[in-house]
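A single chain, nothing else alongside it, follows as structure tokens in the form predicted alone.
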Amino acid sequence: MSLRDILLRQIAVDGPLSLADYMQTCLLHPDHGYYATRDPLGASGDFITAPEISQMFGELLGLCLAQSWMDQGGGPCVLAELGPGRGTLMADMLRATNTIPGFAPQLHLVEASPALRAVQRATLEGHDITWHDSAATLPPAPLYLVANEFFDALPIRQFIRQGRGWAEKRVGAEGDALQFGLTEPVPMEALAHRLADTKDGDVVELCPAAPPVIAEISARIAQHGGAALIVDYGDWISLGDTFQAVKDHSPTDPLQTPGTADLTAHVDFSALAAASACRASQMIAQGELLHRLGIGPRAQQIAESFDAKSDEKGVQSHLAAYQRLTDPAQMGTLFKAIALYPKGAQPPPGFDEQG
């Protein structure tokens, strides 16, 4: 039985699904879910993330966390990642911080996919790793954490403003075909504050799964110290339909072949900051953050390590990766970042306090 058949049967019994329920099933169904059945990253997958583009991304974020660790007095700590993909980001972070005296953190990875856990185990061979199904089981200790393109994959609900009410987008069925529909508009307390900055027809997305994750992370940082770096595509406030499906590096119909495409939505960074039990920095564009952390000199250093005559292609590929990460026309402004850190501490390098 295909995932489409499973979804059609569920809709026949329970009625149309929320977008959140549809995303959850498509991404994490144990037998047919997107993340449960494949490695989606890289040229042979469906998308490429920043760590796969250049080692510089992980190196700079690792050094950022290590400096925050030193600023907070050092000592035993946990280094963790949410949704570690192939483990490339963590490998780059560990390599960059390997020579920092006293920085020998316990390594914890939050990963629900058995397929990706196997890839991470191979990438990080030689390291003692503890895996978690969710952030709720991370240990109560100083926590230095990174989450790159994690929150965009959490299931969302989507609402369209109609008068002073909100109609929710649902996934229903017409014969053997999945199709979108809308509920009747009703007032919603959770969206009452958005009546001031929206108009009829505007789309607002909510991610119910994100605040509990932030609450778990920030509670540990507030009590024990640490810092969290959150990098994703999105903006400070959710506005507009950002739900999308990607397959073979190209957009595709999210209802066409459930379970075979990556489903994501832009991140509402204000909602993440509001859910934090510790301090949250100002949001910053990825390109600006990387420049503040020193990507320019690091890119030059790596470029000079190539033999320009015999490896001209390598030099050009390296410079193209630098541009892709930082250029405003590429990932430089589409991707944003915030940091979480304890009250009374300075924000991690590259980040500014909220006014």
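Start at 1 and count along the sequence shown; that's the residue number. Source: prediction; values computed, not measured.
This next part talks about the form predicted together with a small molecule, which is not shown.
K.L.:
Just to confirm, with a 4.5 Å cut-off on non-hydrogen atoms, which of A91, V246, I129, L154 contacts the small molecule in the model of the complex?
P.N.:
If I apply the 4.5 Å criterion carefully, the residue I get is L154.
K.L.:
By the heavy atom within 4.5 Å rule, which residue out of C77, L116, C278, L178 makes contact with the small molecule in the model of the complex?
P.N.:
The option sitting close enough to the partner is L116.
K.L.:
Which single stretch, out of 166-174, 179-187, 108-116, 194-202, brings residue heavy atoms within 4.5 Å of the small molecule in the model of the complex?
P.N.:
Only one stretch qualifies here: 108-116.
K.L.:
Should D268 be counted as a contact of the small molecule in the model of the complex, where contact means heavy atoms within 4.5 Å?
P.N.:
Flag for D268 set to no.
K.L.:
Using a 4.5 Å heavy atom cut-off, state whether L28 contacts the small molecule in the model of the complex.
P.N.:
L28: contacts the small molecule in the model of the complex.
K.L.:
With a cut-off of 4.5 Å between heavy atoms, is N148 one of the residues that contacts the small molecule in the model of the complex?
P.N.:
Residue-level check for N148: yes, a contact with the small molecule.
K.L.:
Answer yes if any heavy atom of P51 is within 4.5 Å of a heavy atom of the small molecule in the model of the complex; otherwise answer no.
P.N.:
P51: yes, in contact with the small molecule in the model of the complex.
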